[in-house]
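Quick setup: one chain, the form predicted on its own, written in C-alpha coordinates, and binding and motion questions come after.
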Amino acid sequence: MSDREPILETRGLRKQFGAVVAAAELDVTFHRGETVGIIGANGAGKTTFVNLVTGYQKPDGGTIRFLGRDITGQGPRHVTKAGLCRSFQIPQVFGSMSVADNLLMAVGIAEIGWLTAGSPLEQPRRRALVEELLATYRMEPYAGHRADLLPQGVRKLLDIAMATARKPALLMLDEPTSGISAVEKYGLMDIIMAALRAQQVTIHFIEHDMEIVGRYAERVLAFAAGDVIADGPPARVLHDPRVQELVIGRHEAARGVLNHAAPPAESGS
(Lines give C-alpha, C1' and ligand atoms only; values in the text may rest on other atoms or scores of the structure.)
Protein backbone atom coordinates (compact mmCIF):
# COMPACT_ATOMS: atom_id res chain seq x y z
CA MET A 1 0.00 0.00 0.00
CA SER A 2 1.33 3.44 -0.90
CA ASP A 3 2.03 5.98 1.82
CA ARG A 4 1.39 8.79 -0.64
CA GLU A 5 -1.71 10.97 -0.51
CA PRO A 6 -4.73 9.61 -2.41
CA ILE A 7 -5.47 11.78 -5.44
CA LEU A 8 -8.27 9.89 -7.22
CA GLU A 9 -10.66 7.30 -5.77
CA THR A 10 -13.57 5.42 -7.30
CA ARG A 11 -16.02 3.32 -5.34
CA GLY A 12 -18.59 1.05 -6.98
CA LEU A 13 -18.16 2.88 -10.29
CA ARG A 14 -20.61 1.46 -12.85
CA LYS A 15 -21.35 2.12 -16.51
CA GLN A 16 -23.28 -0.02 -18.97
CA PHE A 17 -24.11 0.45 -22.65
CA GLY A 18 -27.03 -1.86 -23.39
CA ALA A 19 -25.81 -5.37 -22.60
CA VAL A 20 -22.15 -4.28 -22.49
CA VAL A 21 -20.71 -3.64 -19.03
CA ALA A 22 -18.03 -0.97 -19.49
CA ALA A 23 -17.36 -0.37 -15.78
CA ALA A 24 -18.21 -3.09 -13.27
CA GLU A 25 -18.30 -1.79 -9.68
CA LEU A 26 -14.77 -0.37 -9.89
CA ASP A 27 -13.01 0.33 -6.58
CA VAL A 28 -9.63 1.91 -7.32
CA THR A 29 -7.41 4.32 -5.38
CA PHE A 30 -4.60 6.27 -7.03
CA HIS A 31 -1.95 8.28 -5.21
CA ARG A 32 -0.28 11.60 -5.85
CA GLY A 33 2.93 11.24 -7.82
CA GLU A 34 2.20 7.77 -9.23
CA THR A 35 2.85 7.06 -12.88
CA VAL A 36 0.10 4.62 -13.83
CA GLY A 37 -0.22 2.71 -17.10
CA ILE A 38 -3.76 1.64 -18.06
CA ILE A 39 -3.96 -1.32 -20.44
CA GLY A 40 -6.63 -3.50 -21.98
CA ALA A 41 -7.85 -4.82 -25.31
CA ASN A 42 -10.24 -2.73 -27.40
CA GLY A 43 -13.58 -2.56 -25.59
CA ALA A 44 -12.09 -3.59 -22.23
CA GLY A 45 -13.31 -0.45 -20.48
CA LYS A 46 -10.13 1.59 -20.07
CA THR A 47 -11.28 4.57 -22.15
CA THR A 48 -14.70 4.48 -20.51
CA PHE A 49 -12.97 4.65 -17.14
CA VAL A 50 -11.02 7.74 -18.19
CA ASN A 51 -14.16 9.30 -19.71
CA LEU A 52 -16.06 8.74 -16.46
CA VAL A 53 -13.49 10.27 -14.16
CA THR A 54 -12.84 13.25 -16.47
CA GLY A 55 -16.54 14.03 -16.89
CA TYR A 56 -17.02 13.09 -20.53
CA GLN A 57 -19.50 10.37 -19.55
CA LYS A 58 -21.76 10.08 -16.52
CA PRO A 59 -21.64 6.90 -14.43
CA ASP A 60 -24.71 4.76 -13.80
CA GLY A 61 -23.66 4.41 -10.18
CA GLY A 62 -20.81 4.75 -7.73
CA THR A 63 -18.69 7.71 -6.70
CA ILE A 64 -15.58 9.50 -7.92
CA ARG A 65 -13.47 11.57 -5.53
CA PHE A 66 -10.60 13.78 -6.64
CA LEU A 67 -8.34 15.32 -3.99
CA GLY A 68 -11.01 14.43 -1.44
CA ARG A 69 -13.80 16.19 -3.36
CA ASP A 70 -16.79 14.36 -4.83
CA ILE A 71 -16.78 15.04 -8.59
CA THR A 72 -19.25 12.29 -9.55
CA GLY A 73 -21.29 13.28 -12.60
CA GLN A 74 -19.64 16.68 -13.03
CA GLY A 75 -18.90 17.80 -16.58
CA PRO A 76 -15.45 18.19 -18.13
CA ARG A 77 -15.21 21.92 -17.46
CA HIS A 78 -15.79 21.49 -13.72
CA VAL A 79 -13.46 18.49 -13.51
CA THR A 80 -10.73 20.34 -15.40
CA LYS A 81 -11.13 23.37 -13.15
CA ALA A 82 -10.65 21.07 -10.15
CA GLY A 83 -7.25 20.06 -11.56
CA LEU A 84 -7.94 16.78 -13.38
CA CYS A 85 -7.10 17.18 -17.08
CA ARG A 86 -6.62 14.90 -20.06
CA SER A 87 -5.17 14.67 -23.54
CA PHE A 88 -6.68 12.71 -26.42
CA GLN A 89 -5.60 9.94 -28.76
CA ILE A 90 -6.34 12.34 -31.64
CA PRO A 91 -4.75 15.65 -30.60
CA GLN A 92 -7.30 18.42 -29.97
CA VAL A 93 -5.54 21.46 -31.42
CA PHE A 94 -6.49 24.50 -33.49
CA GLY A 95 -5.17 23.39 -36.86
CA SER A 96 -5.01 26.76 -38.61
CA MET A 97 -3.15 28.43 -35.75
CA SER A 98 0.55 28.31 -34.97
CA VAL A 99 1.96 26.20 -32.15
CA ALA A 100 2.67 29.33 -30.09
CA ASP A 101 -0.84 30.69 -30.61
CA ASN A 102 -2.38 27.33 -29.68
CA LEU A 103 -0.49 27.51 -26.40
CA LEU A 104 -1.50 31.15 -25.91
CA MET A 105 -5.13 30.17 -26.38
CA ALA A 106 -4.75 27.36 -23.82
CA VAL A 107 -3.10 29.67 -21.31
CA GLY A 108 -5.83 32.28 -21.77
CA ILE A 109 -8.63 29.74 -21.35
CA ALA A 110 -6.92 28.33 -18.25
CA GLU A 111 -6.81 31.78 -16.70
CA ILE A 112 -10.20 33.26 -17.51
CA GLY A 113 -12.40 30.44 -18.78
CA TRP A 114 -13.81 30.10 -22.28
CA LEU A 115 -12.76 33.00 -24.50
CA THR A 116 -15.21 35.16 -26.42
CA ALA A 117 -14.52 37.16 -29.57
CA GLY A 118 -13.73 40.26 -27.53
CA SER A 119 -11.56 38.59 -24.90
CA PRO A 120 -8.08 40.15 -24.69
CA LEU A 121 -5.58 37.36 -25.22
CA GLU A 122 -2.21 38.96 -25.83
CA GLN A 123 -0.39 39.77 -22.58
CA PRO A 124 3.35 39.71 -21.82
CA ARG A 125 2.84 37.37 -18.87
CA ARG A 126 0.93 34.88 -21.02
CA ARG A 127 3.55 35.03 -23.74
CA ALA A 128 6.17 34.24 -21.09
CA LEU A 129 4.19 31.16 -20.09
CA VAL A 130 4.01 30.14 -23.75
CA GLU A 131 7.78 30.44 -24.07
CA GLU A 132 8.17 28.30 -20.96
CA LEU A 133 5.90 25.59 -22.38
CA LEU A 134 7.70 25.66 -25.72
CA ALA A 135 11.01 25.09 -23.93
CA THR A 136 9.66 22.45 -21.53
CA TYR A 137 8.22 20.37 -24.39
CA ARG A 138 11.13 21.16 -26.76
CA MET A 139 8.90 22.71 -29.38
CA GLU A 140 10.76 26.00 -29.92
CA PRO A 141 11.70 25.10 -33.53
CA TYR A 142 7.98 24.67 -34.32
CA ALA A 143 6.65 27.77 -32.53
CA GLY A 144 5.56 29.51 -35.75
CA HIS A 145 4.36 26.36 -37.58
CA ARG A 146 0.69 25.69 -38.24
CA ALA A 147 -0.58 22.93 -35.98
CA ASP A 148 -2.21 20.96 -38.81
CA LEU A 149 1.14 20.70 -40.62
CA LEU A 150 3.12 19.34 -37.67
CA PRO A 151 4.62 15.85 -37.49
CA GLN A 152 2.40 13.54 -35.44
CA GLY A 153 4.80 13.44 -32.50
CA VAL A 154 4.99 17.23 -32.22
CA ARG A 155 1.20 17.47 -32.50
CA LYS A 156 0.98 15.05 -29.55
CA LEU A 157 3.40 17.20 -27.57
CA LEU A 158 1.33 20.29 -28.34
CA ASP A 159 -1.89 18.65 -27.19
CA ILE A 160 -0.28 17.58 -23.91
CA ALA A 161 1.36 20.96 -23.36
CA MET A 162 -2.01 22.66 -23.87
CA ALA A 163 -3.58 20.29 -21.32
CA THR A 164 -0.99 21.37 -18.73
CA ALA A 165 -1.63 25.09 -19.19
CA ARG A 166 -4.05 24.93 -16.26
CA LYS A 167 -1.33 23.33 -14.11
CA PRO A 168 -3.32 20.17 -13.29
CA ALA A 169 -2.63 17.91 -10.34
CA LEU A 170 -3.42 14.84 -12.48
CA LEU A 171 -3.16 14.42 -16.24
CA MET A 172 -4.62 11.43 -18.09
CA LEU A 173 -3.05 10.70 -21.47
CA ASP A 174 -4.92 8.68 -24.07
CA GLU A 175 -2.40 6.62 -26.05
CA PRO A 176 0.41 9.19 -26.20
CA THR A 177 2.50 7.09 -28.62
CA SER A 178 -0.23 6.03 -31.06
CA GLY A 179 0.74 6.83 -34.62
CA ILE A 180 4.37 7.40 -33.60
CA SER A 181 7.16 5.41 -35.24
CA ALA A 182 9.10 2.86 -33.21
CA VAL A 183 12.28 4.93 -33.44
CA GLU A 184 10.55 8.07 -32.11
CA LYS A 185 8.35 6.71 -29.32
CA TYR A 186 10.96 6.60 -26.55
CA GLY A 187 12.25 10.08 -27.28
CA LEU A 188 8.69 11.39 -27.25
CA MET A 189 7.89 9.70 -23.94
CA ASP A 190 11.14 10.93 -22.41
CA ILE A 191 10.11 14.51 -23.20
CA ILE A 192 6.57 14.02 -21.90
CA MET A 193 7.60 12.33 -18.67
CA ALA A 194 10.38 14.80 -17.91
CA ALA A 195 8.06 17.75 -18.55
CA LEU A 196 5.20 16.43 -16.43
CA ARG A 197 7.44 15.42 -13.56
CA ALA A 198 9.10 18.84 -13.60
CA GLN A 199 5.59 20.32 -13.34
CA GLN A 200 4.83 17.87 -10.47
CA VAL A 201 1.88 16.38 -12.36
CA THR A 202 0.62 12.91 -11.48
CA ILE A 203 0.54 10.87 -14.71
CA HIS A 204 -1.93 8.21 -15.87
CA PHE A 205 -1.70 6.97 -19.43
CA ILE A 206 -3.65 4.53 -21.60
CA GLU A 207 -1.28 2.60 -23.81
CA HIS A 208 -1.36 -0.42 -26.14
CA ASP A 209 2.43 -0.53 -26.45
CA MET A 210 3.61 -2.85 -23.68
CA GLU A 211 7.22 -1.80 -24.14
CA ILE A 212 6.19 1.77 -23.27
CA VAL A 213 4.15 0.55 -20.30
CA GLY A 214 7.00 -1.59 -19.01
CA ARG A 215 9.52 1.22 -19.29
CA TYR A 216 7.56 4.22 -17.98
CA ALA A 217 4.80 3.02 -15.61
CA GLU A 218 5.46 2.25 -11.95
CA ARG A 219 1.97 0.77 -11.56
CA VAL A 220 -0.27 -0.90 -14.13
CA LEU A 221 -4.04 -1.40 -14.21
CA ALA A 222 -5.20 -4.09 -16.63
CA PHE A 223 -8.83 -3.96 -17.77
CA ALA A 224 -10.99 -6.71 -19.27
CA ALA A 225 -14.79 -6.70 -19.69
CA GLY A 226 -15.15 -3.52 -17.67
CA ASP A 227 -13.25 -4.83 -14.66
CA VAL A 228 -9.72 -4.51 -13.31
CA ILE A 229 -8.15 -7.96 -13.61
CA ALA A 230 -4.70 -6.96 -12.34
CA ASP A 231 -3.27 -3.98 -10.47
CA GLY A 232 0.34 -3.64 -9.39
CA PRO A 233 3.94 -3.14 -10.55
CA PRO A 234 4.61 -3.75 -14.26
CA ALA A 235 6.81 -6.77 -13.56
CA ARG A 236 3.90 -8.53 -11.91
CA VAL A 237 0.99 -7.34 -14.04
CA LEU A 238 2.58 -7.79 -17.46
CA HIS A 239 3.59 -11.34 -16.61
CA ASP A 240 0.22 -12.26 -15.14
CA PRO A 241 -1.20 -15.22 -17.14
CA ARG A 242 -4.68 -13.63 -17.40
CA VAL A 243 -3.21 -10.34 -18.61
CA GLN A 244 -1.10 -12.14 -21.18
CA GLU A 245 -4.16 -14.05 -22.38
CA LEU A 246 -6.77 -11.24 -22.37
CA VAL A 247 -4.69 -8.10 -22.93
CA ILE A 248 -1.25 -8.70 -24.38
CA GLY A 249 -1.84 -11.94 -26.27
CA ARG A 250 0.34 -15.00 -26.01
CA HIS A 251 2.02 -14.32 -29.34
CA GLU A 252 3.03 -10.78 -28.38
CA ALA A 253 4.26 -11.90 -24.96
CA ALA A 254 6.37 -14.62 -26.59
CA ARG A 255 7.71 -12.10 -29.12
CA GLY A 256 9.44 -10.24 -26.30
CA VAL A 257 7.29 -7.14 -25.71
CA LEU A 258 7.97 -7.44 -21.96
CA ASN A 259 11.70 -6.89 -22.11
CA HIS A 260 11.44 -3.63 -20.18
CA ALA A 261 9.52 -5.24 -17.30
CA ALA A 262 11.52 -8.04 -15.74
CA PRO A 263 9.47 -10.97 -14.43
CA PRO A 264 8.78 -10.92 -10.70
CA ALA A 265 11.34 -12.73 -8.62
CA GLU A 266 10.30 -16.15 -7.39
CA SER A 267 10.02 -16.49 -3.66
CA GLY A 268 12.67 -18.55 -1.97
CA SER A 269 11.92 -21.92 -0.45
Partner chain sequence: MSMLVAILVDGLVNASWLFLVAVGLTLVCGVMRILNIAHGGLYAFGAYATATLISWWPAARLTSPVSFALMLVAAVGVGAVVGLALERGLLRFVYGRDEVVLVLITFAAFLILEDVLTLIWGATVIAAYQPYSLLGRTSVGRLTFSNYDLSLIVVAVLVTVGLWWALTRTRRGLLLRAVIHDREMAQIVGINVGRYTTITFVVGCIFGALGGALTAPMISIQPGIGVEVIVVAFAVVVIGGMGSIPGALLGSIGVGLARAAAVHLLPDLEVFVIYLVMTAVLAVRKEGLFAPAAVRRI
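Numbering follows the first chain given and starts at 1. These numbers were taken from a predicted model, which means no experiment stands behind them.
One more form of this protein exists, namely the form predicted together with its partner chain; it is left out here, but the text below deals with it.
For its partner chain in the model of the complex, the listed stretch (177 to 185, 80 to 88, 193 to 201, 135 to 143) containing residues with heavy atoms inside 4.5 Å is 80 to 88. Contact check for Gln152: no non-hydrogen atom falls within 4.5 Å of its partner chain in the model of the complex. Contact annotation for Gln244: none of its heavy atoms lies within 4.5 Å of its partner chain in the model of the complex. Contact with its partner chain in the model of the complex, defined as a heavy atom within 4.5 Å, is made by all three of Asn51, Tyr56 and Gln92.
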